[in-house]
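Here you get one chain, nothing else, as structure tokens; it is the form predicted alone.
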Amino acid sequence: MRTIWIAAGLLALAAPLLLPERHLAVYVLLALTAAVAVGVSMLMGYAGQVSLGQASFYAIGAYAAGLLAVHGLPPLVGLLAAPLVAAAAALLVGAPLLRLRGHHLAFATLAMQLILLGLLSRGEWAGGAIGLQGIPRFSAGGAELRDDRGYAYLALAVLASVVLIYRNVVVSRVGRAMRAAATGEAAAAACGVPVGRYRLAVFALSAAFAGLAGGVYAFYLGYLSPGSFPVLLSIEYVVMAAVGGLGTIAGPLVGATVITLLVQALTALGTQPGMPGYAPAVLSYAVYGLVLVVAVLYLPRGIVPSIHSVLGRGKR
């Protein structure tokens, strides 16, 4: 397993140097998407909570970084503030929301994102429906990122940091307690586990992951609008985490890679001459639905756990 992680890390480091310039944008967005999916996997796999509003924390981080940079603060300050603002927002809304369970929580987080999108589209402080413009390029220590290759490595650094934090949480006392709570909340509470407090902490941490990725997204594009964070984006994160394998470290990375590459391939197909204008959107929705149905029917635990099971049977 360690050999696989080393090989994957070396491939990720080499990819920005080997990929053509036109494909680097996909690499950047894939790394940022995977960072958010890691938080969703942790939230669903360990805290047992389903969030259909994770893109709202992605948006909060992006707007926090963008607004601070537009108003004259160094971009590095904006990027560092992005996960803190997203985590603070999660703590604020999570205290009442996490009292809900199952589909009630899922619908509540979905409503949270719809409310946020409404506020952003009507708030002049955020640029309104037109969007927030004039976000500068990311810079730190006098060095400015000017091309996609630099942002590819910045996004990769964010993803590596998120995965490292996730791994440390999983093997910690909190991770073990949350695993117990996910399988039996009453039993965990009877053993003295502060289930509500731990769930709120995991909710805030997953929001911080999304906020950090959103901060990089803001500096990469230089422009933000409410339309950049649709509800479909939150569903996309859930599908990626579920397809890859909830509660695993590699699962959201594999799921994000598979879904992103499939969407890109079908988008290219949908933009071919002779295809109707709505083809790319329809094909994207078809990918999420088809992949999720196939995963539920044939890989109910996700790609990574299924591979582990096959390899385990092979060794026996």
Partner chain sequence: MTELIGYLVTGLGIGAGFALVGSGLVVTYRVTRVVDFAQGGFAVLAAMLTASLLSAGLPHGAAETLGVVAGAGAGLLVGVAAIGRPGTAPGASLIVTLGLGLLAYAVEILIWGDQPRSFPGLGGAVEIAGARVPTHYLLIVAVTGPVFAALAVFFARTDLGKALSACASNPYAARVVGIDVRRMGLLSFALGGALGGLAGVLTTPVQQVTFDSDVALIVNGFAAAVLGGLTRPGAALAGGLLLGVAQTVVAGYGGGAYRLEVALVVLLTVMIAQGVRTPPAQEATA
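Nothing here was measured: the structure is a model prediction, and the numbers come from that model. Residue numbers count along the first chain shown, from 1.
Only in words, not in the display: the form predicted in complex with its partner chain, which the text now covers.
For the three residues Leu80, Pro136 and Tyr223, a heavy atom within 4.5 Å of its partner chain turns up in the model of the complex in no case. With the partner left out here, its partner chain still marks one of 34 to 42, 264 to 272, 278 to 286, 62 to 70 in the model of the complex; by a 4.5 Å heavy atom cut-off that stretch is 278 to 286.
In the model of the complex, no heavy atom of Cys191 sits within 4.5 Å of its partner chain. None of the heavy atoms of Gly227 is located within 4.5 Å of its partner chain in the model of the complex. Mapping the unseen interface onto this chain, Ala12 falls outside it, with no heavy atom inside 4.5 Å of its partner chain in the model of the complex. Within 4.5 Å of any heavy atom of its partner chain in the model of the complex lies no heavy atom of Ile130. Interface residue among Leu84, Leu200, Val170, Ala108 relative to its partner chain in the model of the complex, by the heavy atom within 4.5 Å criterion: Ala108.
Checking Leu154, Leu97, Ala89, Ala208 for any heavy atom within 4.5 Å of its partner chain in the model of the complex turns up a single hit: Leu97.
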